[in-house]
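Before any questions on how it binds or moves, here is one chain, the form predicted alone, in structure tokens.
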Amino acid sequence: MKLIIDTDCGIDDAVAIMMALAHPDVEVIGITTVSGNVDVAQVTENVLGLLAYFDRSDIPVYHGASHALLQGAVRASGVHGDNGLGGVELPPTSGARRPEPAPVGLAELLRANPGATVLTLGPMTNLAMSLNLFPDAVSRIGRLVAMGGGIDVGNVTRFAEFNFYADPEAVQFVLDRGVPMEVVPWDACIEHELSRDDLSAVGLRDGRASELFFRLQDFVLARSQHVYGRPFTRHPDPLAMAYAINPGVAAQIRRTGLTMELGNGTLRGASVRTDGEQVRAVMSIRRDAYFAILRRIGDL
């Protein structure tokens, strides 16, 4: 599978990228960065540093949108730390970002690799801009998979999930282009609350990749202990990556239409189900199948 990753690289994004780099059936042909968990300059540094850590600076990285199409920035540094990686420092970058902006990079990657899978792990700003500038790119997307939305429950508000809430106009623009979309919403993520023992049970092989994986989890586990009184983590972006790699990890899929709530009230950013089947919403994921893909990180 040829894969383009669009990311606002926080802790769980980094794990998802590691999963893609480790899987023998995945060829990461490009990574685009977008404002989200932290500002886009830091996101780009995180991606370049991660690729340098694994000697994969051959993968092109495109610097993307600095804010949403219409609204101000929404950040999640409280969840991911000031640098987006829970304070984990990566080695100096050995690669350089490409000069083309991410919307152009997306179109060029799709033009050179028609049928590639696009996986969005952050706000959809880059993709919306790319499809606006290069409408022919729509027909070149093989699959569009997104971590985003809350079908019945949100995490920023009762109704809205962070990625879609951060730029709902971008999501609506992509939906309006008629692109079939496969989403792993917050609903599928909340059922996978992982303790430190659960993470150990994954069975990662010892090595630099496993060491980095557990260092990334430390910040989230400490935060949840402080906020909720128990240490746990959730893996929304890695779950979406697992589904992109192997749709068989899905335990339940709901076919639906989808529209975004774009008003400025309390419902803003909500994912509203409508008639239709444009969207495949993954409502549940099998943990054993997820762990089998996550475990490959140890092979890096």
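Just so it is clear, the structure is predicted and the values come from calculations on it, not from any experiment. Each residue number is its position in the shown sequence, starting from 1.
Same protein, other form: the form predicted in complex with alpha-D-ribofuranose (RIB), not shown, and the subject of what follows.
- D187 falls outside the set of residues with a heavy atom inside 4.5 Å of alpha-D-ribofuranose (RIB) in the predicted complex.
- At a distance threshold of 4.5 angstroms between non-hydrogen atoms, T33 is out of contact with alpha-D-ribofuranose (RIB) in the predicted complex.
- Using a 4.5 angstroms limit between non-hydrogen atoms, N155 touches alpha-D-ribofuranose (RIB) in the predicted complex.
- Using a 4.5 angstroms threshold between heavy atoms, M147 counts as touching alpha-D-ribofuranose (RIB) in the predicted complex.
- The candidate stretches are 60-68, 39-47, 264-272, 233-241, and the one lying within 4.5 Å of alpha-D-ribofuranose (RIB) in the predicted complex by heavy atoms is 233-241.
- For the options V171, L121, L106, V183, the residue carrying a heavy atom within 4.5 angstroms of alpha-D-ribofuranose (RIB) in the predicted complex is L121.
- Taking alpha-D-ribofuranose (RIB) as positioned in the predicted complex, the residues of 1-34 that bring a heavy atom within 4.5 Å of it are, in sequence order, D8, D12, D13.
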